[in-house]
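There is one chain below, alone, in structure tokens, taken in the form predicted alone.
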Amino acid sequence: MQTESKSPLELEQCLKCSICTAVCPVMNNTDAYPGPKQCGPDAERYRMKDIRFFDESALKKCLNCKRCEVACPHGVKVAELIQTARRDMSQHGPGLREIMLANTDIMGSLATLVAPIANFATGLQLSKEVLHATVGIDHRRTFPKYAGTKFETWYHRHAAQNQGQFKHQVAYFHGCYVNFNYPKLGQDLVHVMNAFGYGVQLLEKEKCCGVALMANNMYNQAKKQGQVNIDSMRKALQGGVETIVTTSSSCTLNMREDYPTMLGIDQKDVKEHLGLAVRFISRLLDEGNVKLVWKEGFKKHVCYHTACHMARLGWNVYTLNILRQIPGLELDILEQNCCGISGTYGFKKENYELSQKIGSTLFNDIEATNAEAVVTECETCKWQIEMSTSLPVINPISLLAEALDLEATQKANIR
């Protein structure tokens, strides 16, 4: 697989300051992981000389949370070095568990056809014990529920015919979570964008972004799916949409940053037109291009969790800019602690206890706020936090849809 090459000199940018080890949630909770510096730039020097220095068991402990990259004073892509080594040197293909967890489009398409049965079956402790014993998915893990109607189905039935009336148009990469698990988020995005005077188009073809495939060493499949997404985005931009918006921080980071380096996908012409809806909306608000009409008497107490990949993007400022403008919203901003799930990582039985240990500080911080809900842009953080605390988790777009008088806002923006 051809990808962007790494210069050996990049390794020499590491200062040996060990800041990355100080912020690593894995190293700080287990002795089984040597840490990002040792597994990243330090070990890479040896791996470049001899593949026998490749220690997959250690590297598999990495969450790929990228907190090390956020902290590095010289911009060394530590997590990327670790993941690249796993991609290029691993001698083990994915097992049944990895195939099940990573093929979200296939599993989601099947599960939504029989959603009540699928949700009942995955909620049974007996089913969990069987999965634990046979494929290695931990029996203590709570599975996300599947929706009976896909978001794409809802969109084509109830929204598609109305989108052409708007002067401005955006394309929406909804992702597998919105499509199969939580269509309401996609519906909220459509309602909010329509209220701002923007029509929402779906991509001609959309596949899972591939982040779960990459985490489970299925890079060739991830590249095929990623190329479909970028080609569809490119076509949408050529067709006149102003931008492509998303609602998942992990999908967005993967498509913007990891597609060229990890999959060899050329998306330079698309990248700057691709971003989270909160960034797009925040900029609209700052430029004074939309008018907001809030619901009278709206009140809610929430706490905001910066997901690790949101921190890597550096875009939590956009979400906070929006949240701070909502009248009646009491906002607590949590310390930036990892929730520990890291996509499919926390589903695996060998990682479950470590995953929960990593997230424990965040869980305690959340409970201490006495808030009504947690706000975050990451769907797997939502699964982890809802399983491990007493609070529901909502995307900032859904909170915005809840706080706005959508009909009055649309009238204010469309004359």
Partner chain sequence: MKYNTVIIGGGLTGLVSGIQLQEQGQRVCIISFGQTLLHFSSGSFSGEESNTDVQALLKNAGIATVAGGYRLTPLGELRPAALTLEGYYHSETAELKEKSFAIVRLPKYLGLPIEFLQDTLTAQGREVSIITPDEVVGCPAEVILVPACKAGYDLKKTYGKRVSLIAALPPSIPGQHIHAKLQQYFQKIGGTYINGDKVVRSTLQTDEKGVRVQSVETQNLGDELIVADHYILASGSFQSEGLQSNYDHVWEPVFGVDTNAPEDRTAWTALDFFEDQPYQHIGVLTDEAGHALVEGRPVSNLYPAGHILGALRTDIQNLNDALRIAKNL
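Numbering follows the first chain given and starts at 1. Just so it is clear, the structure is predicted and the values come from calculations on it, not from any experiment.
Heads up, the form predicted together with the partner chain isn't pictured, but that's what we're talking about next.
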Decide yes or no: are Leu15, Ser18 and Thr21 jointly within 4.5 Å of the partner chain in the predicted complex, with each residue judged by its heavy atoms? yes
If you check Met387, Val70, Leu59, Ala371 against the partner chain in the predicted complex, which one has a heavy atom within 4.5 Å? Val70
The single option of Val302, Leu334, Met262, Leu292 touching the partner chain in the predicted complex, heavy atom within 4.5 Å: Leu334
Touches the partner chain in the predicted complex: Leu320 (any heavy atom, 4.5 Å): yes
Would His158 count as touching the partner chain in the predicted complex under a 4.5 Å heavy atom rule? no
Report whether the minimum heavy atom distance between Arg324 and the partner chain in the predicted complex is within 4.5 Å. yes
Is there a heavy atom of Gln38 lying 4.5 Å or less from a heavy atom of the partner chain in the predicted complex? no
Given that the partner is absent here, state which listed stretch (162-170, 71-79, 178-186, 191-199) has heavy atoms within 4.5 Å of the partner chain in the predicted complex. 71-79
Since the partner is left out here, which residues of 37-69 would have a heavy atom within 4.5 Å of the partner chain in the predicted complex? none
